[in-house]
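Presented below, as structure tokens, is a lone chain in the form predicted alone.
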């Protein structure tokens, strides 16, 4: 029996023998990522278990990216940064991207890709549930807790159970108004928030392989919202081109065997997709945008690891160009690179940044910002009883701030169209008229 892509990567990092779902393995770790929320806890456990003077297993393989609660006056959040900064200095870490410096990057999941830390065939663990984003590069990548991360810090290994794989195949071509966010919300709506629990979500099909790296990252990013252990997409020329522009480190491309065994195979016709969203208060509470058309809103938010990439902002700008927003609209680039691209990318001679400012949107610093609620002075944080349409990944009560706010998850196209009208709006009304 052949192996899936996920199984092959785990096999290669555990001695090379064939593996199957349910097997428990010691795997060698290529990259460990942590940030300002979980980094201090991980460091504390590491020092307690391995000693105050212990050194990390390989400083070239550790990446620390503060991104969550950083542009704030909150003293507790600031203390977390102090701990990371001291540890990076103590360990002489080359990949600590400190806030407040020219080396600051932004949201960890996109920064990992932009800085060349995502490479096909490798294993990457991170102390953040959306670490599954990196699976877009044909690698095994998943979120772990502080204790597991501390163990990796000391040993470079982790005990892992091989997940079953579910395959989602989209054949044909996505219509121009469909984005990866529509696709992942469609699938989560089909299988539920627990439908992929401790399973790999493998994306395939002609339509998937036509997507940009940024869009592939959106797909893999929300595997955790379906309970997934990881998500993965076969590396191809698009992947190689992106990676080689950012690193000269070698990598290995694996692919699923034709006779690989899957827990589930689900096949979709990409041509038939239409814009969807997730209604409050769960990512699997799916509806078509047309079904919710006209629902009144208080604000729109375009940003986060899910919806703060340059392709997301290009889409939003296509809708917002030459228009004014009807409701408070927040634009938050995920990274400094994306922020710079907002002033470089143009539509009919006008930069994306100018399009957003002229439309009346508010521009935030590159970070997670309101996606995780954050301290009270967090940019874009929701207030009581507000209805928000957002390109973020979760919409349970309190996720973006107030426990009484209601969050609709949608694509950048849908969020931007709704920002213009002040109510849920089908982006096709703008794109084709």
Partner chain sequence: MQTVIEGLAYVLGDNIDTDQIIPAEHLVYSLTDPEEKKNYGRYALSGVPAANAGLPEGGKPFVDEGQCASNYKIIIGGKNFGCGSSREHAPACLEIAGIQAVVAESYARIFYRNSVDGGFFTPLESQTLLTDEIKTGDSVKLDIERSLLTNLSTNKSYPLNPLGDVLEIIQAGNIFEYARKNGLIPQSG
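Keep in mind the model is a prediction, meaning the values are calculated, not measured. Residue numbers count along the first chain shown, from 1.
Another form exists, predicted in complex with the partner chain; not displayed. Remarks below refer to it.
A.B. asks: Let me know the one among 296, 241, 76, 266 whose heavy atoms come within 4.5 Å of the partner chain in the predicted complex, would you?
C.D. replies: Flagged contact: 76.
A.B. asks: Could you work out which of 342, 123, 178, 150 is the residue within 4.5 angstroms of the partner chain in the predicted complex, going by heavy atoms?
C.D. replies: By the 4.5 Å heavy-atom cutoff, the listed residue in contact is 150.
A.B. asks: Hey, with the partner chain in the predicted complex, do 26, 374 and 403 all fall inside the 4.5 Å heavy atom range?
C.D. replies: Verified in the predicted complex; spot residues all in contact, yes.
A.B. asks: Would you point out which of 56 to 64, 38 to 46, 360 to 368, 384 to 392 contains residues with a non-hydrogen atom within 4.5 Å of the partner chain in the predicted complex?
C.D. replies: It is 38 to 46 that comes within 4.5 Å of the partner.
A.B. asks: Can you check whether residue 186 is within 4.5 Å of the partner chain in the predicted complex, heavy atom basis?
C.D. replies: Residue 186: no contact with the partner chain in the predicted complex.
A.B. asks: In the predicted complex, does residue 408 have a heavy atom within 4.5 Å of the partner chain?
C.D. replies: So residue 408 does not count as contacting the partner chain.
A.B. asks: Within 4.5 Å, heavy atoms only: does residue 202 come near the partner chain in the predicted complex?
C.D. replies: Residue-level check for residue 202: no, no contact with the partner chain.
A.B. asks: Does the partner chain come within 4.5 Å of any heavy atom of residue 161 in the predicted complex?
C.D. replies: Answer yes; at least one heavy atom of residue 161 falls within 4.5 Å of the partner chain in the predicted complex.
A.B. asks: With the partner chain taken in the predicted complex, which residues across 50 to 67 come within 4.5 angstroms through any non-hydrogen atom?
C.D. replies: Contacts from 50 to 67: 50, 51.
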